[in-house]
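Read the single chain below, which is given as structure tokens and is the form predicted alone.
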Amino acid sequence: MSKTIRASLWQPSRRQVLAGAAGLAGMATVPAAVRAAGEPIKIGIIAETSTLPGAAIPKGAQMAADEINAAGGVGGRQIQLVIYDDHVSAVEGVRAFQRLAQQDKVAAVIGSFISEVALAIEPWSARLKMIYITPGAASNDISKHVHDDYDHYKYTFHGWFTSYFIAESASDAAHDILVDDLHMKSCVVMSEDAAWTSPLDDAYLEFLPKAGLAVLDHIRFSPDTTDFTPIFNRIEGKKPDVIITGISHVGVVPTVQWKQQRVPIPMWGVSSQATTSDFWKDTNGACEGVATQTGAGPDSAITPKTIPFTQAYEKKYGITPAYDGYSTYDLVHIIADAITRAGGSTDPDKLVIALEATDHLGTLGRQKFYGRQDRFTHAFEYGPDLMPGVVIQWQNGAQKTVWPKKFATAKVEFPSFVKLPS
């Protein structure tokens, strides 16, 4: 069992050791790169634990740490997690990162699925020369900063799909399923107004016409929206065959109202909250038929690790992992492997070199980071032989993989109120 410290941003003196062995006295004053061989390796975790996606981050990290420690740790050293909740605040996220780097003396930080938080932390990763990897934020700017100013920003890695690749994956799936199989021809893009959706929508507008879907309208709504009736009325007036979504923070409200108002147009694209089984409960089943692009689903046999991890996660926590539960689990293993390949060192510059050489088979596929010359420097590479991405759909209360066809366990089905092209 790994040791985990859950730390409050406001009351650090009340840290509570939740599991594992003792032995941390005095570690805060010892530089991470020169700790004794037997002392734990600390990994910081920053998450929005009150949200469906954010809650999966520490859970995925804990599972990986437990596995690594049960197998003997990293060169005999145990992985120890230090966890902060940023309460969906960029200010608190930065404060947590500073504390992890300067006070807790962690070797690396995995944190946040929110792009605004990740982008606020990124400059501090540069200033403090601390490895930082986001497991779920998507904004293209995260990796763009590394590309544009590598010498300063090289300590940041993008451990999830960029918005560009999410749009490309969702559009590839739309071509194969919606256009080729269901003969759809048009769509409306509907996204929340957030940092990650600006590049997502730009890429949607690039890729969807190439996939065979004419974009009839492009709607960006405030995350504070409580009544989607005017938006759905506007969409119905355009008579599209499908709604292409970009939703991460507000998935419950539009989904419930889509079902209540019996909007006759299917929803496809990205709905991050729909990646965990708690979404079924939170929407009271209104998510039936909702499809979302993601990294993996409970039945996605992407690698030999994917389904066993999902089953173990569900057994431990009672729910399926949200998308960043998969990525965080993989990232803890990737960091541990990088430390091993760096000769056991947690020196940040050595870890940058080791992480750049990553070639890891994780739950999401074969994971490699784009190089210094690529526009998406330090982001995960996207592709059918790397991290392929999948589309899962809620069917009869369960998440089913419907794309790509080599991983699909079900065909697309929509509720009876949805009208498909004849």
Partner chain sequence: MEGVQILVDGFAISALYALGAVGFTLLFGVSGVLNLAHGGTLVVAAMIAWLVATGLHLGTATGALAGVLAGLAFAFATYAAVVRPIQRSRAIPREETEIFILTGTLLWGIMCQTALAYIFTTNPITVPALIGGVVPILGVRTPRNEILIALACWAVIGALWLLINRTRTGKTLLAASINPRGLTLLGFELSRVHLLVWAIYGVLAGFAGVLLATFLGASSDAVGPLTASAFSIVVLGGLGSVGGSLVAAYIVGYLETLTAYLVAPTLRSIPPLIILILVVYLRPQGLLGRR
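Positions refer to the first chain, counted from 1. Values in this document were obtained by computation on a predicted structure and should not be read as measured data.
Just so you know, the form predicted together with its partner chain exists too; it's not on screen, but the next bit is about it.
Colleague: Among Q273, T346, S163, S171, which has at least one heavy atom within 4.5 Å of its partner chain in the predicted bound form?
Modeller: Flagged contact: Q273.
Colleague: Heavy atom within 4.5 Å of its partner chain in the predicted bound form: which of Q98, Q260, T340, Q311?
Modeller: The residue from Q98, Q260, T340, Q311 that makes the contact is Q260.
Colleague: Choose from 49-57, 365-373, 388-396, 352-360 the stretch whose residues reach within 4.5 Å of its partner chain in the predicted bound form, heavy atoms counted.
Modeller: Of the options, only 49-57 has residues within 4.5 Å of the partner.
Colleague: May I ask you to check whether D151 falls inside a 4.5 Å heavy atom distance of its partner chain in the predicted bound form?
Modeller: No, D151 stays farther than 4.5 Å from its partner chain in the predicted bound form.
Colleague: Wondering, does E206 line up within 4.5 Å of its partner chain in the predicted bound form on heavy atoms?
Modeller: It does not: once its partner chain is placed as it appears in the predicted bound form, E206 has no heavy atom within 4.5 Å of it.
Colleague: Taking any heavy atom pair closer than or equal to 4.5 Å as contact, tell me whether D180 reaches its partner chain in the predicted bound form.
Modeller: The answer is no: D180 has no heavy atom within 4.5 Å of its partner chain.
Colleague: Whether D282 contacts its partner chain in the predicted bound form should be assessed with a 4.5 Å heavy atom distance threshold; does it?
Modeller: Yes, contact at 4.5 Å.
Colleague: Can you list, in sequence order, the residues from 74-113 that come within 4.5 Å of its partner chain in the predicted bound form, counting heavy atoms only?
Modeller: Going through 74-113 in order - heavy atoms within 4.5 Å of its partner chain in the predicted bound form - there are no hits.
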